[in-house]
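Next up: a single chain in structure tokens, the form predicted alone.
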């Protein structure tokens, strides 16, 4: 029997800007509502970023996170995953601050430095709601998203060992899997662990199904039965890649962080709309979706009662 599919939903992220969609959650209330609706639709893990409620700019401040984390926890049984990706340009200390304050069950962790080019989105828009948006995209033409071995080790020790938080290890390319393997061999990552394979970001692995198959095969060789794996793909590739992952026995991530759309040229009106769509696809394939508690058991999480919010 195939294992139930773990659906992660990432409601807002730190890449898209308010100009790009009126449905992108920005305020704490909007983020909480989006997360709760996504959980009700079938997401068992909610991957969370914060935004400045006035401007929509990515926000690392714990006090912003604390305006929505308790609301989500009180309203759902979903696993709450606090991003340490933050916003492009933040230091690792800034990126970890919300997670070390909240001590969540899960946190994301990017597993290698990379060019992270979102500047091509400049071509799609001319009028911007906020002054920060255009320069934010422009700067990624000369930007490396830093995740060195030193900073990854710092996160694993500070947050993992210090708080019992498990990670969504985000792997944007083949070498990132080998970085995970290095930390596994050093004993800093212990099974079961959760690999999130990311496709379609300029600077990382392209959204080609051959890349998905190859990364999956290499991960199996490196990790055997020690890991759970999931897939996300940016933009129009979101649903096809999520579907392919489910068909291969993997898990998946959707949400407005990764794609603003529900169909060709059709903006998604909510995160729940994307979760509902992929849930329907999964169930039509004869598969089941995992409950939050099933996800907790498979990922050996510490439980919602052990967080600090």
Ligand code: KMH
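Residue numbers count along the first chain shown, from 1. Predicted model, so just to flag it, every value in this text is computed and none were measured.
Not pictured, yet referred to below: the form predicted in complex with the named molecule.
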- Item | Residue (of 198, 189, 72, 98) lying close to the named molecule in the predicted complex, criterion heavy atoms within 4.5 Å | 198
- Task: Taking 4.5 Å between heavy atoms as the contact cutoff, choose which of 229, 167, 172, 136 touches the named molecule in the predicted complex.
- Result: 172
- May I ask you to check whether residue 110 falls inside a 4.5 Å heavy atom distance of the named molecule in the predicted complex? yes
- Message: At 4.5 Å between heavy atoms, is residue 257 in contact with the named molecule in the predicted complex?
- Response: yes
- Message: Is residue 299 near the named molecule? Define near as a heavy atom within 4.5 Å, in the predicted complex.
- Response: no
- Message: How about residue 83 - does it come within 4.5 Å of the named molecule in the predicted complex, if we only consider non-hydrogen atoms?
- Response: yes
- Query: Residues in which of 243-251, 264-272, 279-287, 43-51 have heavy atoms within 4.5 Å of the named molecule in the predicted complex?
  - Reply: 43-51
